[in-house]
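Okay, here we've got a single chain as structure tokens, the form predicted on its own, with questions on binding and movement later.
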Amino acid sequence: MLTISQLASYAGVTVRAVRHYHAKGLLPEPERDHSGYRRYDAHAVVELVRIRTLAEAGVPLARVRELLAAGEQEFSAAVADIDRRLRAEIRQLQRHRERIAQLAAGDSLALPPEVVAYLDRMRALGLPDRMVEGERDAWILVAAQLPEHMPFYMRAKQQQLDDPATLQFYRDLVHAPDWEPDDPRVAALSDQLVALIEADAEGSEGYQDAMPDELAQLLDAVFLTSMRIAPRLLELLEERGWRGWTKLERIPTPQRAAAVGRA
């Protein structure tokens, strides 16, 4: 015969758990012996192990009582049902693990491999994290809307990084968020950008056409809120014959003259 401590040890639970199962009516309490102690037999150990196993499998205690009182066939069917549920939970947990692994992967969470490669190259070229993160967030928006266009866009972006003039523009743009709108460097930056646009006006035509207007406007809004000089830079671009930021277009001559007059 076993004391409550010995019973708990045999079944792999705590004494507190045994008393809890007594209180819930899952494990009958034996009579006390002449010394006032409760003594448990082997059957109590078996029942306690069954209770513990079902409880650890996530079976509610009310259902545990039902299963303990069930016949062999009913008990087997219930255990099979619990097993199916546990396997479903394991699959769900595995999906959660895969998602966590994606989070640990950084850029690859929401971006296709070609964009990750482009961002890695920006870092390798020494461009600062602030610029890389801005590009990453913009391409997350684009990839969500135009996944089939990403290889095309990334070929164009990789070609831009191959161009020394474009790379120098990126390096100069790094410091622009800290400028005031009336800083003379803003005008120089706009001249630099226009030179790049006009040098590659034909080559970037397909790149621009693939971008829907609504998405371009959304990305432009991000640009306008991220840099104090953005509104002034767009004004200067209009004076020089170009409209937009994400989706640049040449302004017809009469409209260009009006833009210069407004400035």
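Numbering starts at 1 and follows the sequence shown. Remember, predicted model here, so these are calculated numbers, not experimental data. Think of the rigid core as the biggest set of C-alphas that the two forms share within 1.5 Å after superposition.
Keep in mind that the form predicted together with the DNA is not shown, yet the notes after this line are about it.
Though the DNA is absent from this view, in the model of the complex it lies within 4.5 Å of a heavy atom of just one residue from Arg240, Lys247, Arg250, Arg19, which is Arg19. Stretch 24 to 32 is the contacting one of 41 to 49, 24 to 32, 192 to 200, 219 to 227, since its residues have non-hydrogen atoms within 4.5 Å of the DNA in the model of the complex. Within 4.5 Å of any heavy atom of the DNA in the model of the complex lies no heavy atom of Leu234.
In the model of the complex, the DNA sits within 4.5 Å of a heavy atom of Leu61. Taking the rigid core as fixed, one finds a CA shift for Arg63 of 2 Å or more between this form and the one not shown.
Leu236: CA moves less than 2 Å between this form and the one not shown after rigid-core fitting.
For Arg85, a C-alpha deviation of 2 angstroms or more is recorded between this form and the one not shown after rigid-core alignment.
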